[in-house]
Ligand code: ADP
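First, one chain by itself in structure tokens, the form predicted alone.
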């Protein structure tokens, strides 16, 4: 039951997102009033005007005006974005209403891969050599001037969609044309793509929270499956990292340098960093939390050593507490190792059934197997696709044991597909 003086959170949730349940449940546990803003009107909006609103996510300035109008009748204490597209909107709303958030320019820079690269390079952050190419460019001419291996990627998409490695001029041309087709379907307003030096080495994901410009790293996730191309679909995240302490320190310092260079001030970040003999390299940094349902791999334990059992907090609870300037009992991740497998798409086709879910869930250390794809859904592999079949979560004493459990659970699953029409 909410108290009359409960703080109100404005939660920016696109209509197609995995994040709704986790954030709503976190707000419920905290006793926070939630107003969900989406880009499409809900049929229940009239019946619940304080709980459901429609904002223009395509125009952050307009969305900020809409938030201002809403706040005249419903006081808003904080705003949270759950993905790349709403991060800029959240920054505009925070600026308009005087709430905790990032400068709009910083949020835009985090969203635009080319602008991000420019700022990071200017600040001396280690990033791949890069070039922006218009989609109208002659790919054969560009291929002749490229260094190999290289990576071509859209400047605006996420989840490794459209990211392709090229080792030869012929592969460069094929990748260019393929990304151009992806952009025509997914982001028709985009007129450019990035060509980057391929950085070898181990890739990790960094999850953290920025407060007053300082980054608190929650976890460094190992990605044990090599991400060397030609496509870059992610599979397993496991923490704590098995990299050497010095390597982890370099990775954390690289992420902090990127936060500073972009001008991010408040809120969650998710970064992709590569590490090799030359140090840490910033591949991507987003001003939002980890995607999909992967946040389930993170729990924060308030228990003090020798003082009994404390409560466990979710990542979403910490993000909400931060946005509302509420006390945060802990920023320390639980002691157990944990991991998540983003279940890869086995191939193109229409999903008819998934077998072996119970067997996968019975594998020791597995906490849950969540199939998010549904029968009849057309599956699209990377690089055109961007949605996984589901998620497998595990916890155990060591990262090695967690990784083994995730692989064993995945091996228990069978996916029945039929050709799409």
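Note that the structure is predicted; figures quoted are calculated from it, not measured. Numbering follows the first chain given and starts at 1.
The next section is about a form of this same protein that is not shown, the form predicted together with the named molecule.
- The three residues 160, 196 and 203 all sit with a heavy atom within 4.5 Å of the named molecule in the model of the complex.
- Out of the listed residues 266, 96, 301, 284, 284 is the one that sits within 4.5 Å of the named molecule in the model of the complex by at least one heavy atom.
- Only one of 128, 349, 240, 208 lies close to the named molecule in the model of the complex, with a heavy atom inside 4.5 Å, and it is 128.
- Within this chain, residue 257 is remote from the site of the named molecule in the model of the complex, having no heavy atom within 4.5 Å.
- Contact check for residue 223: a heavy atom falls within 4.5 Å of the named molecule in the model of the complex.
- At least one heavy atom of residue 227 is located within 4.5 Å of the named molecule in the model of the complex.
- Residue 218 falls outside the set of residues with a heavy atom inside 4.5 Å of the named molecule in the model of the complex.
- Only one of 146-154, 98-106, 180-188, 330-338 places residue heavy atoms within 4.5 angstroms of the named molecule in the model of the complex, namely 146-154.
- The partner is not shown here, but in the model of the complex the stretch 265-279 reaches within 4.5 angstroms of the named molecule through a heavy atom at 272, 274.
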